[in-house]
Structure formats: C-alpha cells, structure tokens
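Starting off, we have a lone chain in the form predicted alone, written out as structure tokens.
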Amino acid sequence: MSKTFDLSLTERSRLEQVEGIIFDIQRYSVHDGPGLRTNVFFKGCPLHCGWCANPESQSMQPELVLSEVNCISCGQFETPCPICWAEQGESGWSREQLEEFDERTAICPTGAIHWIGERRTAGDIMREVRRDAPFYAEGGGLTLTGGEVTMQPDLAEALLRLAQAEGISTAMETCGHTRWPVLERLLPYLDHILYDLKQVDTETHRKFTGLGNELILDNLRWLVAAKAPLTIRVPLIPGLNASAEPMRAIAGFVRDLGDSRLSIHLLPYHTLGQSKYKALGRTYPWAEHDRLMTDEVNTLARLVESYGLMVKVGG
C-alpha cells in the first residue's frame, strides 16, 4: 500500500505544471517493481554504458531516430531516408542535414523517421498513468526510469507526489550517480527504489561507464542507513562483471552493508536494445559479447547466495 500525501488545490496545480523531458511511457510492465507498472522513461543519464539497452536515454536533448523496418521508401524525397542515414559521420549530423531530416519527420507517412524525446508536464504524464490505475490492485503502480531519473529532480518529485496523493504506489530505478540531497528529497515519496550496482572497483567502473562509482557506493550506504525500501539490481554484463571475482566483490560489499532485508536481483545481459543504436546512427559498442548461458547465470547466483544474501534472477 502506497503512502498517501494530501495536496492542496494550489499545490496540485503547481506540481501538474512542472515540466521535463521524457522519451516513452510504457504500460503493463512487470519487470520494474512489484505488480503491474506504468514506466515513465526520463531522458538524460550521467553514465554512458556500452551495453545500455536504452541508448536514446543518454542525451538530455531530443534526438533523431530512423526505424528502417518502418520505412516504405515513399518516394517523397530524392534520396531515400536509409541511404541518407548511412552517410552520418562520427561527428554526427551537420546543421543542414538536421534541417533536412526535420522536414522529413513532418511528412513521413509511417513515422519511420522521427524525434525521440519531448518536453511534457507532470499533469499531462499523470493523465496517461491514471489510465492504468484499475490494474494496480495487486501492488502495481508508477515506476520512474530512464535514463537517470535524478537528473530531472523537479519532474521526478512532481510525479511522485501527484501519484501518492492518489494512492498510486511509486518506484524509481536509479544508477545512483547523483548528489545525496537529490535522493533525500525524493525518498519520502518512494515505496520502492531499484538501485543498480554494476561494479565495486571504481577504475573498472570508470573505464566502462565514463565515471567512477564513489557517489554510487556512498549513496547506497546512505540509503541503507536511512532504511530506504531498496532492491539492489546487478546487470550481469560479460566483459564487465559476469565472472566470479567482480561478483564476489559486489556480494561482499552488499553483505557488509549489514541490512538483512536487502535482496539482489541479477539481470542477465541481453541485446534487445542493439537495433536502437542503428536507429540512432551509432555503432553498438558491446557487439563482441555473447549472451550468458543459463548455467553461467545460475553459477553466479549461487555464488552471491553463498554470502548469505537473497537472490532473484530477473527484474
């Protein structure tokens, strides 16, 4: 049962007008918190993980996307969109190319070429979330994800407070790389925090995500001390942590936090986001790595369990 916070009409109106940039609202999700969830995807992330399943979330700004499978070569343009798209260089689009593609987005008959990411108000987003309210009876609710939610704390707080004022359970997925006052600000309005922990070694973390993990580990310690409603999620990434030594380090770190309530969800690496890189005109950085076999995942799960921790495979 979600905590409920009453709002005055004035405060509700103020919160509904808060704006931010999102790139998707996914309904009927069962992987990002208990029950049936409505996921709101925030744009912008401080990390740039090579295996990221949502590369369109990394930049704060709207981006052009081309879905070739939806392109019907409509004949409206001298050069078909996929051919132009393949001409993008490492430095990205020129201003002239962007202007041309922007014109194409307005008249593309299938939406194959379009902008991803839009500025929306919290009130507008909540109108979509409320559509799923009849399905939240079994513990479901709203999950904020991304990208990194804490990069837009005003929108995050507005959505969480509006949801809880209506008795809708709230959850947030975070990579943990943010200032503690931001997490502290959102904590009262959260029923669940899904906290990603990818590596304990800071130099390895920096090499593969672009940033060290000092803030991430410190924030996790603070959240445990605050008795936050935490679930730690470890994406099992070959080439990063899907082997015995890094998993021992992660399990040991979590055990030493000293909170018997903590559980670890192991999320096996997948390549479902690979097509998104091509749609963005990028090369998928993790292409040389294969998906993990079931036996490999189970072996790592048993290793983590040997540290006295509760383990679940999957979100």
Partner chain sequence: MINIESTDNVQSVMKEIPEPTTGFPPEVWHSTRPSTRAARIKQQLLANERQIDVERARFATESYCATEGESMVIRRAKLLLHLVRSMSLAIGPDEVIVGNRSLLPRMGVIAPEGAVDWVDKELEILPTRPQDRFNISAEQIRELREDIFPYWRGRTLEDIVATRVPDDVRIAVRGKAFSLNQTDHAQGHILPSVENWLRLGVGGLRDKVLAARQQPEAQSQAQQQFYEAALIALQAAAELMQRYARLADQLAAESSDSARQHELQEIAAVCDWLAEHPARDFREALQGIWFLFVLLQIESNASSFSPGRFDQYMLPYLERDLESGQLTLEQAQELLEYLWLKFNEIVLLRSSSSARYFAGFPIGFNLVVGGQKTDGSDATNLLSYMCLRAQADLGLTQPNLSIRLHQNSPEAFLRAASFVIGRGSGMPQVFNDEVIIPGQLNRGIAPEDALNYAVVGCVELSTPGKALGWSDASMFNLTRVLELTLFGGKDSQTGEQIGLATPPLDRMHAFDELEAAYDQQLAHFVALMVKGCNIVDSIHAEIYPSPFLSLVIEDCIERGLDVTAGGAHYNFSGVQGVQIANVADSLAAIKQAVFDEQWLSAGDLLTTLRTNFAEQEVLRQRLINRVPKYGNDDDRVDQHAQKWGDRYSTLVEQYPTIRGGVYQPGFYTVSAHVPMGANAGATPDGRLAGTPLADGGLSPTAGRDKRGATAALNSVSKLNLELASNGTLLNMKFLPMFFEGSEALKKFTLLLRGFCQLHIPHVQFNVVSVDTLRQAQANPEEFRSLVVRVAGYSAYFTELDKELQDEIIRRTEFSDVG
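Positions refer to the first chain, counted from 1. None of the values given here were measured: they were computed from a predicted structure.
There is also a form predicted in complex with its partner chain; it is not shown, and the following applies to it.
Asker: Is there a non-hydrogen atom of Val297 within 4.5 angstroms of a non-hydrogen atom of its partner chain in the predicted complex?
Answerer: Within the cut-off, so yes.
Asker: Please check if Arg233 has a heavy atom lying within 4.5 Å of any heavy atom of its partner chain in the predicted complex.
Answerer: Yes - in the predicted complex, heavy atoms of Arg233 and its partner chain come within 4.5 Å of each other.
Asker: Would Phe208 sit within 4.5 Å of its partner chain in the predicted complex, counting heavy atoms only?
Answerer: The answer is no: Phe208 has no heavy atom within 4.5 Å of its partner chain.
Asker: Wondering, does Glu63 line up within 4.5 Å of its partner chain in the predicted complex on heavy atoms?
Answerer: Result no; Glu63 lies far from its partner chain in the predicted complex.
Asker: Between its partner chain and Pro34, Thr110 and Gln274, in the predicted complex, does every residue show a non-hydrogen atom at 4.5 Å or closer?
Answerer: Each of the three qualifies.
Asker: Within 4.5 angstroms, counting heavy atoms, which one of the listed stretches 286-294, 42-50, 256-264, 243-251 is next to its partner chain in the predicted complex?
Answerer: Flagged stretch: 286-294.
Asker: Please identify the residue among Glu166, Asp201, Glu100, Asp132 with any heavy atom within 4.5 Å of its partner chain in the predicted complex.
Answerer: By the 4.5 Å heavy-atom cutoff, the listed residue in contact is Asp132.
Asker: Taking its partner chain as it sits in the predicted complex, which residues of 21-38 have a non-hydrogen atom within 4.5 Å of it? Please list them.
Answerer: In sequence order, Asp24, Ile25, Gln26, Arg27, Tyr28, Ser29, Val30, His31, Asp32, Gly33, Pro34, Gly35, Leu36 come within 4.5 Å of the partner.
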